[in-house]
Each structure stands twice: as C-alpha cells, then as structure tokens.
Ligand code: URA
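The chain that follows stands alone, in the form predicted on its own, written as structure tokens.
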Amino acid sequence: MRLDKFISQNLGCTRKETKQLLRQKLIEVDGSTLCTANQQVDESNHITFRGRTLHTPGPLYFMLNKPEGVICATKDSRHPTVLDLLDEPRVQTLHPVGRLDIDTTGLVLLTNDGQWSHGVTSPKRHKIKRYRAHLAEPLIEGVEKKFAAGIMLKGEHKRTLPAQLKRITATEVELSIAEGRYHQVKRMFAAMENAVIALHRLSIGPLNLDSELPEGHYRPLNRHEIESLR
C-alpha cells in the first residue's frame, strides 16, 4: 500500500493533508522521516505519527437508516450523500453497498471491504431484499400469483425472478425480491398499472434494519451481522 493511502485511511485526512504531514516530517517509517507519498509500506514497517504507532486499518461495516432526499453515492454536487450522514475518521474510504433511489428510505450498508460488498450485491448470490411499499391504488386480486411467477418489465425480454408479495392493507404491501434491476420495485407495480408513492427497505438477506435506529442515523455492524452476509 502507498504510504499516503495508509496515512489517509488511518488518520482520516485527505491526500493533500497527508503530503503536508510528510513535508513537516511528522510521519516516520522505521525511524526515518525521509518518506515519500508513493513509498510502499506493509505490516512489516513501523509507522508513527507524532510518536504514536499507526496500525494497518481494518475494514469498516455500517448500517444506515437512509432518509428521503439523500443519494447512495460517495459525492454529489447537488444532493447530500449517505457519506455526509456519517461522522467517522475514515469516512472517505467507505462506499454504499448497492443503491436506493433518492426518494427511497431504509436500510443501506456501507463498507470499505470490496470483497464483502461484492458478495452482498452479486446477482449470483440472490440475496433477498425486503421492502415495504405504499401504493397509489388498491391492489387488484391475484397480484400475488403474478409476482410469484415473475413480472415482465417494460423494455425487457426476461421476467423477473419469483417475488413474494404480502398484503398489509389495500394500499400497503411487503415485497421480497432476489435481484436488483433498475428501479425494479417501482417498475413491477407499474406493470400492474399501479404506482409506488413511498418505498422503504426493511432487510437485505438475513440482516434487518435495526428498529431502534432513527432515520438518518447509523451504527456499526457487529461480527455476527457481518458474517451473516458473507
């Protein structure tokens, strides 16, 4: 790993700030302050900042209860992003695991572990994602069977994978899907001549959104939760 990347991830500073620390000789590698930003370092090197030993940073895992109006991106010039809601020293190393639309709320996972993230989002893994949807019109009879058989979305040539639809009220449902096509939930109901007016993600695989986590707040995942999605 490059020294500037190691310092940036460890101290939560930008690459520009990291280079300033190096110029000020506040960073030592194996007792020497004659360091360069592109210098390669690993676990065998002893790296310090102001005499404090820096350790190889481990991966981070969080769940966020995303509010409406926030986008699942690392940066955006027009809208707040999910990273803007996190107060963490290494927040710039994180990325959202998959995406929710700007007007969709609920469970979002964030990590800097690319392999874990790929395992969660890979279409081959078929991780079940469960949503609560509020609809513009009451459901017609027999829709559950149509969802279970797969829906032909507009502009596509292959039906969706079987989905489980559960009625809560005439206009409120829970929907579980095993894939993540573009705007899939909204398009599935559009194919039934209905519209989603509010959408909230409840779970990904075995991991449920923490019921005690307020909208806009986040918390680290525990070890059991992390392993449950591998």
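Note that this is a predicted model, so its numbers are computed, not measured. Throughout, we count residues from 1 along the sequence that is shown.
Same protein, other form: the form predicted together with the named molecule, not shown, and the subject of what follows.
- Proximity of C35 to the named molecule in the model of the complex: non-hydrogen atoms within 4.5 Å are absent; the residue sits far from the partner.
- In the model of the complex, the named molecule stays beyond 4.5 Å of every heavy atom belonging to S117.
- In the model of the complex, the named molecule sits beyond 4.5 Å of every heavy atom of A133.
- When contacts are judged by a 4.5 Å heavy atom cut-off, Q184 counts as touching the named molecule in the model of the complex.
- Judged by heavy atoms within 4.5 Å of the named molecule in the model of the complex, the contact stretch among the candidates 147-155, 134-142, 100-108, 120-128 is 100-108.
- Between the options L60, L199, L165, V29, the residue in contact with the named molecule in the model of the complex by a heavy atom within 4.5 angstroms is L199.
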